[in-house]
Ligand code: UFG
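Next comes just one chain, in structure tokens: the form predicted alone.
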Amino acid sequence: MKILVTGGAGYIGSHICKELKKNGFDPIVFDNLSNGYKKFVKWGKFIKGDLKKVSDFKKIKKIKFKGVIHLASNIEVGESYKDPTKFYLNNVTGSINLLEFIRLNKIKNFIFSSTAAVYGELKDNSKPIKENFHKEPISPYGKSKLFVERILEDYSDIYGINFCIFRYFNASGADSDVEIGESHIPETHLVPNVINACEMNKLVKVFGNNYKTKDGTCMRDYVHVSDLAEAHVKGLKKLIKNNLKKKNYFNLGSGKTYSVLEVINAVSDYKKKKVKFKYVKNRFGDPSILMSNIDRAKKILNWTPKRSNIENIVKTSYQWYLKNNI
């Protein structure tokens, strides 16, 4: 079965393509390479295309797809405040163009890569987030993802598209075979930045130490990228077999949290080297704690984030870093 993977040359997309191939699917990557790498496309055909350009869909119109996994988007929250137009054009307009392609080609199975940012700031950050929590994103990035969720619901009601929406928490780690991993430019994610600081003897910036947490630093829910990939394939299989409802929403996290200092200490423990850090001003919009409730994914998809302990996330991330920097 051929599966269209938009953004399949990126960090998460490449891991999903590997998992698709492992499970007997034929992933077709559609990516403009603005955030991805052609060298990451190792498990299926690559077609360069931009979702904002309707003419680019001609490149794939003759392919019979059994389903679509839509990951292509801009994802950096901070950048979305500086250039919201870019995010609405890429994330919303591009998704509408893709949904029109799906409608015209009568493709019924759709998986959308969303984010925990759709929930916004919660009144009580100590509670694990459930899928039915109130959604009021504060960033243009989070808003763009929620807009697409709402549009997808309309397409489902009117055109009969069946979907899974996956709301990611903090995707981390790297493929255990060290074939692919995290390579953002610039890198803004904590784990690779701490690893880089450890190797380069640099200071890690810790944004705030006065949060209502056990050590004063923010606590986040980290989920291994290979666990994410596995969830997408499980969801896709169930959609294809009609074993799910028409509309499905799942949080994808680990269901537990680690503080910034705990991540720094995990890197120190793995490398057996002290990582230096300094406290800087809190970032706007950073909640104290973000933790997923993943009961729905466990029960309905029979999915367990078995690779998502911080030790394995650091280990695989470090292995990837060393492979690409030595």
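These figures come from a predicted structure and were not determined experimentally. Numbering starts at 1 and follows the sequence shown.
Just so it is clear, the following notes concern the form predicted in complex with the named molecule, a form of the same protein that is not shown.
Only one of N193, N105, N162, N125 comes within 4.5 Å of the named molecule in the predicted complex by heavy atoms, so just point that one out.
Selected option: N193.
Pick from K205, K202, K214, K86: which residue has any heavy atom within 4.5 angstroms of the named molecule in the predicted complex?
After the contact test, the surviving option is K205.
Specify the contacting stretch among 116-124, 234-242, 96-104, 151-159, defined as having any heavy atom within 4.5 Å of the named molecule in the predicted complex.
Going by heavy atoms within 4.5 Å, the stretch is 116-124.
Are all three residues N35, K48 and H70 in contact with the named molecule in the predicted complex, where contact means a non-hydrogen atom within 4.5 Å?
Contact check failed for every one of N35, K48 and H70.
Examine L146 and determine whether its closest non-hydrogen atom to the named molecule in the predicted complex is within 4.5 angstroms.
Outside the cut-off, so no.
Looking at the partner-bound form in the predicted complex, is R220 within 4.5 Å of the named molecule by any heavy atom?
Output for R220 is yes: heavy atoms within 4.5 Å of the named molecule.
Although the named molecule is absent from this view, report whether I75 comes within 4.5 Å of it in the predicted complex, heavy atoms only.
It does: once the named molecule is placed as it appears in the predicted complex, I75 has a heavy atom within 4.5 Å of it.
Do D286 and the named molecule come within 4.5 Å of each other in the predicted complex, heavy atoms counted?
Although the named molecule is absent here, D286 would touch it in the predicted complex, with heavy atoms inside 4.5 Å.
Though the partner is not shown here, which residues of 152-181 have a heavy atom within 4.5 Å of the named molecule in the predicted complex?
Contacts from 152-181: Y168, F169, N170.
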